[in-house]
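Consider the single chain below, provided in structure tokens and representing the form predicted on its own.
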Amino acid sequence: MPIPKPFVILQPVSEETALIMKVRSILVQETSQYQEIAIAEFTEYGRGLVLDGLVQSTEADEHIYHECLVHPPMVAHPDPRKVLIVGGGEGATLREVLKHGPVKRAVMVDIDEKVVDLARRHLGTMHMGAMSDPRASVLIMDGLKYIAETEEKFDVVILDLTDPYGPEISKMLYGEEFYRRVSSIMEEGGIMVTQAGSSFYYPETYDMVLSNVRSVFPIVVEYNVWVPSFGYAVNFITGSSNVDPANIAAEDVESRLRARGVTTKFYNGRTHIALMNMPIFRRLSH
């Protein structure tokens, strides 16, 4: 049935709050065995990926999310040659990883083949051909299974998952046992990062994820950044045995970005320092 124009998407922010987002058109609307998938053309945000009613990325601001997910741990590592991405179906996380000159191999594992296929065809402005880069391997499988079975070890592990309070397929990838498995496939001196939803709107879930990371890794760093199309500041958590993103100077960040040939729109040395020093957003009790 044709969708009337103009129309809106009610984007959930929390159980009590939502954004009303005007949409020009729905380009794709399909159901995979795991989730509802839509690619929409938003009037204010451009083309965007929506999974189970939750906006994952839009052309207007995905660079904020993806640069802040990828570059703090990548820059903190002195020589990231092998990188694992779990999730990241639209390919933008892979795009940012491959900007780093030292990277020789990047493995992207996503459970939903339909998301990856639709992204390849409709979200070229996000992946920029990254999934066809000769250094990249794109695998369609459960990230939990991949990490349990792989014999490879990685310098950086990036968990670009749907929210811990989102679709069921991602919830197990926020548990303590999963982080122990992640730790076991990291090279000595490796670092992992996960997106962790919203500490403001879902503090109990965020604290659970933070506690699970802390139970496995001795060095844990929290940071967050506002993403307009999410309607909140999204949280990130890094874990490592000896790599501390909070212990790197702005000039060293800039030096590594230049040496590796990395260009960005949002992230730089000053942004890095700001991210590492920004308080974590918490809702006061009322």
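A residue's number is simply how far along the shown sequence it sits, counting from 1. The shown structure was predicted, so the numbers you read here are calculated from the model rather than taken from an experiment.
In what follows, reference is made to the form predicted together with a small molecule, a form of this protein that is not presented.
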Between V157, V109, V213, V75, only one gets a heavy atom within 4.5 angstroms of the small molecule in the predicted bound form; which residue is that? V109
Tell me, out of F42, F217, F230, Y223, which residue has a non-hydrogen atom within 4.5 angstroms of the small molecule in the predicted bound form. F230
Would you mind picking out the stretch of 94-102, 76-84, 109-117, 179-187 that comes within 4.5 angstroms of the small molecule in the predicted bound form, counting non-hydrogen atoms? 109-117
Interface membership of M141, the small molecule in the predicted bound form, 4.5 Å heavy atom rule: yes
Give a yes or no for L173: in the predicted bound form, does one of its heavy atoms lie within 4.5 Å of a heavy atom belonging to the small molecule? yes
How about T238 - does it come within 4.5 Å of the small molecule in the predicted bound form, if we only consider non-hydrogen atoms? no
Under a 4.5 Å heavy atom criterion, is M192 part of the interface with the small molecule in the predicted bound form? no
Does the small molecule come within 4.5 Å of a heavy atom in each of T264, Y267 and L275 in the predicted bound form? no
